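Only one chain is given next, in structure tokens, and it is the form predicted on its own.
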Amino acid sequence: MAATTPADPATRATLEAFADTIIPGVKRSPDDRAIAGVEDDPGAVQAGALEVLADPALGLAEALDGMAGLLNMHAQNHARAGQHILDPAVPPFVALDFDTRTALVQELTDPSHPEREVWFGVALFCTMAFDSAPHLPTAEALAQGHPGLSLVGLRRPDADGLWRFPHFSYRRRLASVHPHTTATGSPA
């Protein structure tokens, strides 16, 4: 997957704020508005959520500006209904505090919401960025200290780039290697 992000700063900030609502992380700097900073460790944004969303292979890249606009429209309506005052210096979703962002995302992903599939899908891809780093080769993600892979304790491969597991997960060998299996593990 190619690592790209949306070019428009408002789109980028809005989608970062959404990703941070799904898996919160630490602020990148004191003036970071997109990341609420409710956690002390890196979250979905640092894990590459925007790179995943913007990857051409996913097919969402052309829709991200529209999705951010729709999310900001929902944020304006939510703020108006809750009598929240939004800072006009940042996109509306970014202007919401973390608890209000969370409440809005809960509404958008509720089974009764007509756009549920869209927002649930975006949330899923943000989670994938954190849990599995699909936008990076696994060894590269580990070398970079990917926050999600580090959190689950995935270790780096052996010096030759292969992963070997000296202990069987069921504490016993389940099957013998087929006699025609090649040295690279492929069936003959």
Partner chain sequence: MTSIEQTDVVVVGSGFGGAIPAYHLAAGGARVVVLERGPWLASHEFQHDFLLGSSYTRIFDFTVGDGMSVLAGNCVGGGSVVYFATMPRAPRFVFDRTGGLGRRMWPSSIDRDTLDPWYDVVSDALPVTEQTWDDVPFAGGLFAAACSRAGRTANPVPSAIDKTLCTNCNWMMAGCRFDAKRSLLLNYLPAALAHGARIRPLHEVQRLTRTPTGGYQVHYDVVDDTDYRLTRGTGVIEAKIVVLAAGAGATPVILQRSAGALGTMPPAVGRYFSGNGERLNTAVVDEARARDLLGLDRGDGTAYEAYQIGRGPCVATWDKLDDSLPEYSRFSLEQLYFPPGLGTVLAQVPGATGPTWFGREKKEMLRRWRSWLTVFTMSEDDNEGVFGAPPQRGNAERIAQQMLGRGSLRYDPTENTLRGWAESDAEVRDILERDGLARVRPWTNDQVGAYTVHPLSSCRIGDDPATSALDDRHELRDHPGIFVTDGSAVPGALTVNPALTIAALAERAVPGLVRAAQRRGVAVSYGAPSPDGTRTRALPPPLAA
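Being a predicted model, the structure only gives us computed values, none of them experimental. Note that the rigid core is defined as the largest set of C-alphas that superpose within 1.5 Å between two forms. Numbering follows the first chain given and starts at 1.
The next section is about a form of this same protein that is not shown, the form predicted together with its partner chain.
Participant: Spell it out for me: taking its partner chain in the predicted bound form, does every residue among P134, P137 and R171 have a heavy atom no farther than 4.5 Å from it?
Facilitator: Per the other structure, all of P134, P137 and R171 touch its partner chain.
Participant: Using a 4.5 angstroms cut-off on non-hydrogen atoms, would L64 count as touching its partner chain in the predicted bound form?
Facilitator: No, no contact at 4.5 Å.
Participant: In the predicted bound form, is there a heavy atom of its partner chain that lies within 4.5 Å of any heavy atom of G145, even though the partner is absent here?
Facilitator: So G145 does not count as contacting its partner chain.
Participant: Taking 4.5 angstroms as the cut-off for heavy atoms, does T109 touch its partner chain in the predicted bound form?
Facilitator: Although its partner chain is absent here, T109 would touch it in the predicted bound form, with heavy atoms inside 4.5 Å.
Participant: So in the predicted bound form, is its partner chain close enough to E117 to count as touching (4.5 Å, heavy atoms)?
Facilitator: E117 belongs to the contact set for its partner chain.
Participant: Are there residues in 41-79 with a heavy atom within 4.5 Å of its partner chain in the predicted bound form, and which are they, in order?
Facilitator: Contacting residues: D41, P42, G43, D55, P56, A57, L58, G59.
Participant: Honestly, after the rigid core fit, is G59 moving at least 2 Å at Cα between this form and the one not shown?
Facilitator: No.
Participant: Align both forms on the core first, then report whether G161 has a C-alpha shift of 2 Å or more between this form and the one not shown.
Facilitator: Comparing the forms between this form and the one not shown, which are aligned on their rigid core, G161 does shift its C-alpha by 2 Å or more.
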